[in-house]
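Okay, here we've got a single chain as structure tokens, the form predicted alone, with questions on binding and movement later.
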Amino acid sequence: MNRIILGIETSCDDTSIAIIKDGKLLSNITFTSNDTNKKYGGIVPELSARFHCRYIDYAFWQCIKKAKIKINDITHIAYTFEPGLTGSLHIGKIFANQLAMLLNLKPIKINHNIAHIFSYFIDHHFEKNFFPFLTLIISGGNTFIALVSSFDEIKILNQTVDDAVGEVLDKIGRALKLPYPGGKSIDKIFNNKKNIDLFKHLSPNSKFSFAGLKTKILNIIIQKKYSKSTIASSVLNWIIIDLKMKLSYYLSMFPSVKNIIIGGGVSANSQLRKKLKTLKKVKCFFPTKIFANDNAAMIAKLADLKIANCKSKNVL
């Protein structure tokens, strides 16, 4: 019997539905509310929830059509249950549960952050000997490093105590009056030759913290002493150095680890990809850029990997 998994992702502002059949992605339909967000310079939770209400049914039918399957062919339904915006998550949960009830299936709850960890495997082959590996997830909602020993053994080693990298880049981009989203715009105007000293990095084993960086940059912007390119390049360079320094520290703690997976929306940043690939004695893997941002394919893929590779039902 074919394993056909429907994935539902509504953790933030993008409405996404995907279908995976026996490990292969058949369709991934995503509707983004970027045009609405641009008007406000960021994400408005209430508007995001309404956006999901408007598009989730349409995304579902488009996904079914593109995958060329029938609704009754679906064998599993997986949806994001945490973390995310409460209203947005609720829309996905209700849709998943109602559909599961109609098809007499039990919905599978998927953690959004863990799905980002395994997003690399959406279009790359998975082997169990890939474990253990380190992962760095950099998004708008979180920034953390974890040791991944198996699907149900994920140990957080370092996590931001305040702002996430994606959030900082977007807020600085807005302050610089760059097009939304700010992180993407900062990447575009990056110039490695334009850098100013900000402040020293803390020790490699210190917790991730970016609120202080954000405050200092916002003050620098007010002073109007430097160009947008100089400020953008300086903050992105500081962040990359900090991420690389901490990754190197944890690699020294786990010398047997040979692989690192970088995930989350910020992992699409071209400068970050370029500089993290220079880490020594380790291979660095990034998801295909279209799967770096929030998407239902990673939700369906994680469910598929667990079903195919885990004997214990507890991991679901």
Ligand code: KG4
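From 1 onward, residues are counted along the sequence shown. Here the structure is a predicted model, which is why all the values come from computation and not from measurement.
Beyond the structure shown, there is the form predicted together with the named molecule, which is absent from this document and is the topic of what follows.
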query: is_contact(A303, the named molecule) in the model of the complex, heavy atom dist at most 4.5 Å; finding: no
query: Non-hydrogen atom contact S139 with the named molecule in the model of the complex at 4.5 angstroms; finding: yes
query: Contact flag, P287 vs the named molecule in the model of the complex, heavy atom cut 4.5 Å; finding: no
query: The named molecule contact in the model of the complex: K184, any heavy atom under 4.5 Å; finding: yes
query: Candidate from I64, A268, L251, A49 lying within 4.5 Å of the named molecule in the model of the complex - any heavy atom; finding: A268
query: Option from 155-163, 194-202, 210-218, 108-116 whose residues, in the model of the complex, bring a heavy atom within 4.5 Å of the named molecule; finding: 108-116
query: The named molecule in the model of the complex - contacting residues of 277-300, heavy atom within 4.5 Å; finding: A292, N293, D294
